[in-house]
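A single chain comes next, written as structure tokens; it is the form predicted alone.
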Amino acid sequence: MDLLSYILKRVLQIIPVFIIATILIFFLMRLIPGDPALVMLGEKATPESLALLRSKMGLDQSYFTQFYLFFKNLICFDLGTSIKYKEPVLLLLGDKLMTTVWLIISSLFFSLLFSIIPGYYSGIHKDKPVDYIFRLLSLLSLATPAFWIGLVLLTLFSVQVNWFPVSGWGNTFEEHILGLILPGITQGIGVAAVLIRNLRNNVIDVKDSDYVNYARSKGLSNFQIGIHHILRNALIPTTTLLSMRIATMLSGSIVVETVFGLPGIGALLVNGIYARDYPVVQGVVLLFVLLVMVINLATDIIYSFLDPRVKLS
């Protein structure tokens, strides 16, 4: 099956999943305790003003009528207007999305930086002191909450030595980069811990395989064998794991953006939940669902390029 046909088939599979996710998100949102109209107007609001606002927001209609209107607008790429920000949700998502995307890119960079070399050396030197050290460090990283790592990094590098901003990510490109380093490290450490353990096990499985021994018999250098035969093949299963961790990063961005004060999708979701802003919360969660499905599709395609034995079907 060629690439275009495979992508078309997967897109057709995504559509019913997305519809089911839309239904679940809409009705689960209505189960959250609290009245959006009361949140907006406050405890001293009169019954008349509450009833007027509920009517304006469509909350006085049945759930099925609300869902019909919501889904009808969704088909036209209209996610509604934010109750809190008084702006179209689509514009809010577009404004905040790039911050989260850059956070994910920064986290990916640091997770790969912290994992590939340690994972490779840990697998090559199995049961040696370097292996025990990397395994211990990865275990400690897995056991440490991301918010605690973020607070420690803020205290050390923002408050004590003033190398990075305490909150936000500035206005210029240089300020954006500085503002993303600590959040990227915070989220990257947890992902790197998982990748190190996975890559180590893959290297152990690959390093004594027949094709690696054959490469040694041909007189190839250890560097060539390590890069082209061991590491490349060991990274294939890790690619799938990394794609799954990217999906985890999307949810983890909620914590990281809150700790570092980044104006991204995660912070928008938290504010939307507090304000019972149904359109914003629905829009953010639907965006997360769509991104996860696209990431899974991209992973399958990349996997087929890394391993020619894998066929798209």
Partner chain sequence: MIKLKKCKQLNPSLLAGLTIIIVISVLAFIPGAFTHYNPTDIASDSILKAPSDLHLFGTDNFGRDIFSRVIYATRIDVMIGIFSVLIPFIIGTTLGLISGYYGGKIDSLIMRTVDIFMAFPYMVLAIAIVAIEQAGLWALFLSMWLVSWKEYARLIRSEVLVVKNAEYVEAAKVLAYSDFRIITRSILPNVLSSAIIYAASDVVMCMLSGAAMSYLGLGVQAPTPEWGAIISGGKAFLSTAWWITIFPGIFLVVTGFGFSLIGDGLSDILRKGRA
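Residue numbers count along the first chain shown, from 1. Everything numeric in this text was worked out from a predicted model, so none of it was measured.
As for the form predicted in complex with its partner chain, it is not shown, yet the points below apply to it.
> I have Val270, Tyr274 and Met293 flagged as a candidate spot, so tell me whether each of them has a non-hydrogen atom within 4.5 Å of its partner chain in the predicted bound form.
Spot residues vs its partner chain: full contact, yes.
> In the predicted bound form, does Leu154 have a heavy atom within 4.5 Å of its partner chain?
Flag for Leu154 set to yes.
> Check whether Phe109 has any heavy atom within 4.5 Å of a heavy atom of its partner chain in the predicted bound form, and answer yes or no.
Residue-level check for Phe109: no, no contact with its partner chain.
> Examine Gln66 and determine whether its closest non-hydrogen atom to its partner chain in the predicted bound form is within 4.5 angstroms.
No, Gln66 stays farther than 4.5 Å from its partner chain in the predicted bound form.
> Contact with its partner chain in the predicted bound form for Ile301, defined as at least one heavy atom pair within 4.5 Å: yes or no?
Taking the distances in the predicted bound form, the answer for Ile301 is no, it never comes within 4.5 Å of its partner chain.
> Pick from Val101, Leu113, Leu139, Leu90: which residue has any heavy atom within 4.5 angstroms of its partner chain in the predicted bound form?
It is Leu139 that has a heavy atom within 4.5 Å of the partner.
> So if I measure heavy atom distances to its partner chain in the predicted bound form, which of the stretches 67-75, 169-177, 154-162, 182-190 falls within 4.5 Å?
Every other range fails; the passing one is 154-162.
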